[in-house]
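A single chain comes next, written as structure tokens; it is the form predicted on its own.
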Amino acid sequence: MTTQLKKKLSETMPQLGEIYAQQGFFSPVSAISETEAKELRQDYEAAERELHGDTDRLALLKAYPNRLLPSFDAATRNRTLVTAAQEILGENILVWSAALFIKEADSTKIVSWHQDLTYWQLNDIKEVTCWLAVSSARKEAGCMKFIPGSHKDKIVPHNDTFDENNMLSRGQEISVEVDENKAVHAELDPGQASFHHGLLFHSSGPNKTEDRRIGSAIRYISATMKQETGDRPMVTQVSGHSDFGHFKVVPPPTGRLLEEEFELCRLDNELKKKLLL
């Protein structure tokens, strides 16, 4: 680790822990340079072109970029991001998923107000979502927005709206009133990230710009967590040595768009469909 990085972390992380505990989120964290973010984007979009017309594999690419593209696996292991996650979760950390959320240019797609941990059937709340901006995620592009302090509540009732403009699988939406006037927009430049609690109320609006809004939602969890069902979905370990045997821990991918990785992703995707309420 460079002296400059050590200095940046020592200055940022104590503040991160304090603000995160109070607000339920912290933003922004500068993880990679804009040039590195551009290279990530180029790698993903090249893979899109290579898989053109293959709907199933394109869907797996979006859901499992860290398994199919080594560059995205490396992003989940980024020293700054992992150190931030350690401040929140402790030493032994797994990546539960790192799916891409993409809003195309001039898109009406939104993400409704919701709490992540409503749906995942995990036995505890030792989870933090790191949203890494691969392209610009300003307010006009439909950046994330949060209700500060809402993570201190328990899980509230949600409804399935099945709204075609909602990027969530069933249009899941908090059924209690959310005061939009309290919302904080977490604007990010390429290479920056935000961190939010799994119980925090959050959403995002439409992309009104002429460029795609691309972000990876890296779900870091404590290795002490487990699925309430007893299932063992696929994870990677990015910090610590103990994995407690609750998940199927797999090594980093050894190549790009490998058939054996697609097969692992297919099997895990079938399991996740069963797990996600």
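Every value quoted in this text rests on a predicted model; they were computed, and no experiment measured them. When you see a residue number, it is the position in the sequence shown, counting from 1.
Unshown form predicted together with a small molecule; subsequent notes refer to it.
The single contact residue among L51, A63, A217, V249, judged by any heavy atom lying within 4.5 Å of the small molecule in the model of the complex, is A217. Of the residues T83, N207, S204, S150, just one reaches the small molecule in the model of the complex with a heavy atom at 4.5 Å or closer; this is S204.
Exactly one of the stretches 86 to 94, 68 to 76, 184 to 192, 109 to 117 approaches the small molecule in the model of the complex with heavy atoms within 4.5 Å, and it is 109 to 117. Interface residue remark: T129 is counted as part of the site for the small molecule in the model of the complex, having a heavy atom within 4.5 Å. Taking the partner from the other structure, the small molecule in the model of the complex has a heavy atom within 4.5 Å of a heavy atom of M144. At a distance threshold of 4.5 angstroms between non-hydrogen atoms, H158 is out of contact with the small molecule in the model of the complex.
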